[in-house]
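Below you'll find only one chain, the form predicted on its own, shown as structure tokens.
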Amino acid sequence: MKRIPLSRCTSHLQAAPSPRRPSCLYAAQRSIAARSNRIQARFQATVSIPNDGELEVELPEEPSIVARQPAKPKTRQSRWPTPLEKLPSPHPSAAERSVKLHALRSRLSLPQRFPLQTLARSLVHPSADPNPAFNNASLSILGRHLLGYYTTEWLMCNYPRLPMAVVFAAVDAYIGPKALATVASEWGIEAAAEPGGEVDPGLLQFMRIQSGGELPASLRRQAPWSWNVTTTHKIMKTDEFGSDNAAPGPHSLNSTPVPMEEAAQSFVRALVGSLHLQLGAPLVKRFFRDHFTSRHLDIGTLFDFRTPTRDLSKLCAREGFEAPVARLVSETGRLSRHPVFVVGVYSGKDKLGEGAGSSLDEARTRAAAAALKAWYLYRPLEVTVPSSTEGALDTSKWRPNMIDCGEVIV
């Protein structure tokens, strides 16, 4: 019997064998291009990205085909549209790889849902990047108003009798420029020597003032708005600190060298503004309580009485009390070189204040000042700030706050 090869019977069921070498140059280029794309996709899935030149495969081309096809310039594909050295600030996509930003978010006890790109943007001062879409100018404006609102309402509700001059001084002590710069340094904020796209986004980006250079005109001390700067004028026309001159806006410092203190306070304000936008008001209030109002401030040291005895007499007359009378409580060493007198101020049978001094007049003045401080530093037992009921449907826990007549005007 004659043997028939098996390949002849099953040739219609088998797939056509793929040629080892493509029949034409166009097919070879397509196969190699597909293979190089697969290799490039594998490399892109890893951390290290090799140069595109390592993946290029050159094929021997026939002279006739090369003469027919026009020469195409080789373009190198880069990950960034422009070199990092030419960017004024770090790219937003670099925030996820910054160890400093991860450490800062953990150090401030911020939730993980707070994006690192927003935290990196709050570190870019307008002097480093004038583009408002990448600097912290708008966030700083929002954070400044929020800090001023929360601090003022906390002071007015807890100390309803404070004079406005003391309120301005207390607000400056809590959220003033020097206070915010101190807060930023305690948070461990480090500044970059020079801003740029290649710098770690976890560093504070701003344009430094050269050694021996002068402050810009917008940061210098300016003349007051008017020669008659009254308390009402400060409340209606000035900032939350009662300043005599206008503070520069963040947008006016574009590409302007600024000191470290200006950049640090803009970061703290921008961080508060970004927290309000990303996480909401409740978390911002808790953040404000933990980092600002938790600091100890002796408000009694902010008072500066010029004529305390006359102020106390006016206060007693306004409130319907008996006229204050100074009485000697005790003394020692009257005839020595260092006598000490203790004088108390009484309104009827009630003792308003007590002070000690080396003379009777000094002791009486100190006693009147102590009586005024005891009146102005009154603090209610139950306090409910107005912002605590924002967005809440149940307002049964609200307690109206005390509203005082105000300070004594002599």
Partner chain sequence: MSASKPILRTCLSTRQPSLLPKVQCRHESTARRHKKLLALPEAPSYTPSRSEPSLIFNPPSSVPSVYHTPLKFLPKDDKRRQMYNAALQYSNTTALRRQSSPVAAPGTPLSTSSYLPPKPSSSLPAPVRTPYEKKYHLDESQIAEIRKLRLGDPDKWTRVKLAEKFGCSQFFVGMVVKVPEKAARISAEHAEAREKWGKRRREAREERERRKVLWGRDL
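Note that the structure is a prediction, hence the values are computed from the model and not measured. Positions refer to the first chain, counted from 1.
Form predicted together with its partner chain: not shown, discussed below.
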Touches its partner chain in the model of the complex: residue 187 (any heavy atom, 4.5 Å) | no
Using the partner position in the model of the complex, report whether residue 385 sits within 4.5 Å of its partner chain, counting heavy atoms only.
-> no
Using 4.5 Å between non-hydrogen atoms, is residue 305 touching its partner chain in the model of the complex?
-> yes
Does any heavy atom of residue 239 come within 4.5 Å of a heavy atom of its partner chain in the model of the complex?
-> no
Name the stretch: of 209-217, 124-132, 145-153, 325-333, exactly one has residues whose heavy atoms fall within 4.5 Å of its partner chain in the model of the complex.
-> 325-333
Checked 280, 300, 111, 249 for heavy atoms within 4.5 Å of its partner chain in the model of the complex; positive is 300
Going by heavy atoms, what in 142-175 lies within 4.5 angstroms of its partner chain in the model of the complex?
-> 159, 161
